[in-house]
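Take a look at this one chain, the form predicted alone, written out in structure tokens.
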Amino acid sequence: MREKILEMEEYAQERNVPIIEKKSIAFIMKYIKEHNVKNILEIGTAIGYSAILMASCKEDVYVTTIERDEERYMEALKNIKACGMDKKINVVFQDALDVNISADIKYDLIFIDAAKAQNTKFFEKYKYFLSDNGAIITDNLKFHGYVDNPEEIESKNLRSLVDKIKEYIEFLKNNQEFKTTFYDVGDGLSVSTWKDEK
């Protein structure tokens, strides 16, 4: 599997596919082991890189991951099969904001790593599927340094996206239901847990 992971890293670099930074996935894998996470929902599969690494953490980890881009979805299926993870990872081909999940399903970890401008919508939609002791982890909160250094932004679209990420960070800080801890790991991570036991 190690070989396949390296191959995926190369593929992502060559084709400019965003995959999670190594320090960030190491942090999440450690979190999965320490908090006995078993059922994971990932929003934003890309080529399956993070789903494969999360599923490989422990024997009893199962990942459902959602991807709306067909080319990436097909690539993810291929990579997951090549790593022998197709029994542990279920890939859903749909926009995450349109997916209907059975109300009785609960996840120990929800990982948000998709369209950054939609982070708040993803959080609000999927928090209902978080288990009592579960966590919502969001990646790319520094967004390649632009969040802290907006003066370096030249394009209007990028500025708008960075503004949305800043709004999301404020949304997390002021959230009445969740306590969020921010980590200066990789491209910036947050871990949000319920304030009150459900």
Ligand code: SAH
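Residue indices: 1-based, along the sequence shown. It should be emphasised that the depicted structure is a prediction, and the values quoted were computed from it without experimental measurement.
Same protein, other form: the form predicted together with this ligand, not shown, and the subject of what follows.
The candidate stretches are 161-169, 128-136, 145-153, 37-45, and the one lying within 4.5 Å of this ligand in the predicted bound form by heavy atoms is 37-45. Remark: Arg72 counts among the residues lining this ligand in the predicted bound form, judged by a heavy atom distance of 4.5 Å or less. Using a 4.5 angstroms threshold between heavy atoms, Leu189 stays clear of this ligand in the predicted bound form. Although the partner is absent from this view, Ile19 contacts this ligand in the predicted bound form, with a non-hydrogen atom inside 4.5 angstroms. Heavy atoms of Val63 never reach within 4.5 Å of this ligand in the predicted bound form, leaving it off the interface.
Contact residues in stretch 106-129 (any heavy atom within 4.5 Å of this ligand, taken in the predicted bound form) are Phe111, Asp113, Ala114, Ala115, Phe122.
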